[in-house]
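For reference, the chain that follows is the form predicted on its own, supplied as structure tokens.
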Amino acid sequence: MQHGRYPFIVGFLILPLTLYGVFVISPFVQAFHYSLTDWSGVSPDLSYVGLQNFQTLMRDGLFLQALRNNALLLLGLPAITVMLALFFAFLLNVGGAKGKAGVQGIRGNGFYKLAFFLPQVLSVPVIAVIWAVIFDPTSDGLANSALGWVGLGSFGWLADPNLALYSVLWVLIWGSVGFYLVLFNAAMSSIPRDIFEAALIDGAGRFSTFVRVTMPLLWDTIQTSWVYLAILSLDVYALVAVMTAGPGGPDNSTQVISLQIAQNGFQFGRAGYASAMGVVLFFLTLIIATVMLRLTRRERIEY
């Protein structure tokens, strides 16, 4: 029986591993290969230029601007989304009647979870179009109409280079909070209520319960969410491409690396240069994920 196990395992895995190699590993290898060439993306002719594409990247002001914009999204998206999702999930799960010290959830929490999760059923282009209309810089835009109604004037939003990237960040947060709220809610639901009751007996308030009980028990879920949101902040092509003028405007204030890759590869006929950007993005993603996993690593708490 032991002798026949390995041929069975190999036979079972050979097809999915072959498909994974062809459709996942092979494109990565090709990207590394093309990053060393001047391939246009259309012509079969190409010449090897070594590391010239990577040297050009370091002097490319537009790419460096895109890198800075991605860095801002990287700082804002994971932190704000995780904090908001944790806060709302805590309220829904253990933020009930005051006399019960947060042991029961609030009334109608099923409706709130559905409302928060609603953006997840919409595609990114649809979300981008909706918020582009809301952020219309004229008085016809919903955001400016609401601000004008309360006497706060109007803003340029996506037409203002100082506000455009923050508007994109807001839409990313709005579209992500619901998913992570449901994720944290499910994790909190698995925590025994006895733990919260014990905290109540010890005189802990809701804030202390959240900081000293809930967050440590959810740390593995928080860590994973942080990494996924960091990866999302590096890949916002669809939202920027549909939502912003140019795209990437105004004045390149919303340029991101993924948009630069698409523009150079498909619009400017510089597929080799775009592949070099892709390689840089690959290593950035790998490094950021590794660093975040190490920085947020702590001893697992069993319950």
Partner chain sequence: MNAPHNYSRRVFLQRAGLAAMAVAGSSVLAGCASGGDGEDTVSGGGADKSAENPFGVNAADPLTVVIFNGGYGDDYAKFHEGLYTSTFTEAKIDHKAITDIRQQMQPLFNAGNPPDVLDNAGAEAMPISTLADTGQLTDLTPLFDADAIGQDGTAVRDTLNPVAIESAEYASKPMVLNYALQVYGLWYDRAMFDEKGWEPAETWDDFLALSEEIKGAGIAPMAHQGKYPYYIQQVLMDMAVKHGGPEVAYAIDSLEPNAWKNESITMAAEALLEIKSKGYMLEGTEGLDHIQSQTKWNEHKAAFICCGSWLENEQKSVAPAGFETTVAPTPLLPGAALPFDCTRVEAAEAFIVPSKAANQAGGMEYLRTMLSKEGAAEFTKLTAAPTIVNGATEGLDLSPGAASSIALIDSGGDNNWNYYYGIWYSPMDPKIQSAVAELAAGRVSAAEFTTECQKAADETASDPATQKRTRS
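Numbering follows the first chain given and starts at 1. Here the structure is a predicted model, which is why all the values come from computation and not from measurement.
Quick note: we don't show the form predicted in complex with its partner chain, though the next part is all about it.
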Fill in: Stretch from 242 to 250, 22 to 30, 274 to 282, 64 to 72 whose residues place a heavy atom within 4.5 Å of its partner chain in the predicted bound form
242 to 250
Worksheet item: its partner chain isn't shown here, but in the predicted bound form which of Leu165, Ala132, Val213, Ile173 has a heavy atom within 4.5 Å of it?
Response: Ala132
Item to complete: May I ask whether Gly108, Leu152 and Ser190 all come within 4.5 angstroms of its partner chain in the predicted bound form, judged by heavy atoms?
Response: no
Discussion item. Taking any heavy atom pair closer than or equal to 4.5 Å as contact, tell me whether Val42 reaches its partner chain in the predicted bound form.
Written reply: yes
Worksheet entry | Any non-hydrogen atom of Asp202 within 4.5 angstroms of its partner chain in the predicted bound form | no
Worksheet item: Quick one: does Phe54 come within 4.5 Å of its partner chain in the predicted bound form, counting heavy atoms only?
Response: no
Worksheet item: Does any heavy atom of Asp140 come within 4.5 Å of a heavy atom of its partner chain in the predicted bound form?
Response: yes
Practice prompt. Could you list which residues of 252 to 273 come within 4.5 Å of its partner chain in the predicted bound form, counting heavy atoms only?
Written response: Asn252, Phe266, Gln267, Phe268, Gly269, Arg270
